[in-house]
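Below you'll find only one chain, the form predicted on its own, shown as structure tokens.
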């Protein structure tokens, strides 16, 4: 069933939607409170990017998708994200707004690991979800898009790793926007308790080149003392989807949060990746690769803020722009007062393939403590003619030489994705977008 809505949404709709999912009372109250606040809160204001006219509200809010009994029933474009040589032990596939397929290793279930879609998590683990949902990393009243997200959340997953549990195999979620006008208002909540570890990878895919809709994605990663979370993502929304992605992490003492994000969207995109290093000796490594083409407009912000002593933060952003596309890459390293012995490093580089393409790299260091180290690097330019000449002098065609240079330019992020099938798929997407 499809329910088409347009702003302003009313309380009756939100109440019925929440009751239809059998959500706990606290979730319904949060939705209604967020709906009230969304009417007065402003849109976010990403640096040098005017998003006032972007489509964040025209979409079909609730679209059911068919379930599948076997992965053999998936189309080829979805199967490409799966490693055929490995048994799929830990996988969730969301089709539109329905859990189409889900599995988790029985051994992990016995250890208390939870990995399921958000609707099921709210019904079966509501008290645990409430403890973390939009409490530590993201708050629903930050601006209009976070409020709309809280009011209308219609998908996502919950991953919970208990204390001392080390998960060796990657956990994977695939979000399949099959209906061309379906929204994806996804909430991803990853909680790693003390001294646990997990690798989580998510993939977004759609095929709406003409139809207009939007994606409003919030991901919260909580790494408790001594925990390690590796978070990989490939966003591959088509041109008709306007994207707001807000991925945030909170790292406590001796914990690690690693990000590897492939931003392959075709439509206008705003992406925030923010990590708070709360605990002493906490660490975050945030890597992003992005490609823009056509008349696409994108804005990427990576921000690591240091609160704990001896914390380390590394930001790496590489972007390729072609045609008339434009993108802003903001890298922000902030060391708060008291975070002594901390280190903030960042590098943002943009490669432009067309004379009308534009890329801005903005390195920002905000230091409120003396006893720290910090550094940044930024560059914006075209393919190095010396590199090109060197490769062509070895008998390589100009086309192939440019291809090798671009793949080498993006490799520092691509190679960090932990699932071989996803890494291979990202490489294929890069090929299609650049050539």
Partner chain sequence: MAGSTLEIKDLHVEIEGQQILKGVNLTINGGEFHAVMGPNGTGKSTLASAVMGHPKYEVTKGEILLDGEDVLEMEVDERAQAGLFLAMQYPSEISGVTNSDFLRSAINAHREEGDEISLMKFIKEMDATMNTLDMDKNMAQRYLNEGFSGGEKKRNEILQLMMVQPAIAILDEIDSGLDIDALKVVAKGINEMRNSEFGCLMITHYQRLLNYITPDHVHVMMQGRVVKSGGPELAQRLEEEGYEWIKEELGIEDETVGQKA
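Positions refer to the first chain, counted from 1. These numbers come from a predicted model, not from an experiment.
What follows is about the form predicted in complex with the partner chain, which we do not show.
task: Name the residue from 373, 387, 379, 67 that puts a heavy atom within 4.5 Å of the partner chain in the predicted complex.
output: Among 373, 387, 379, 67, a heavy atom within 4.5 Å of the partner chain in the predicted complex occurs only for 387.
field: Per-stretch contact check against the partner chain in the predicted complex, the hit in 41-49, 58-66, 362-370, 387-395 (non-hydrogen atom, 4.5 angstroms)
entry: Of the stretches listed, the one contacting the partner is 387-395.
query: Would residue 53 sit within 4.5 Å of the partner chain in the predicted complex, counting heavy atoms only?
result: Residue 53 lies outside the contact set for the partner chain.
- request: Decide whether residue 405 counts as a contact residue for the partner chain in the predicted complex under a heavy atom distance cut-off of 4.5 Å.
  value: Residue 405: contacts the partner chain in the predicted complex.
message: Even though the partner isn't displayed, in the predicted complex is residue 415 close enough to the partner chain, meaning a heavy atom within 4.5 Å?
response: Close contact exists here: in the predicted complex, residue 415 approaches the partner chain to within 4.5 Å, heavy atoms only.
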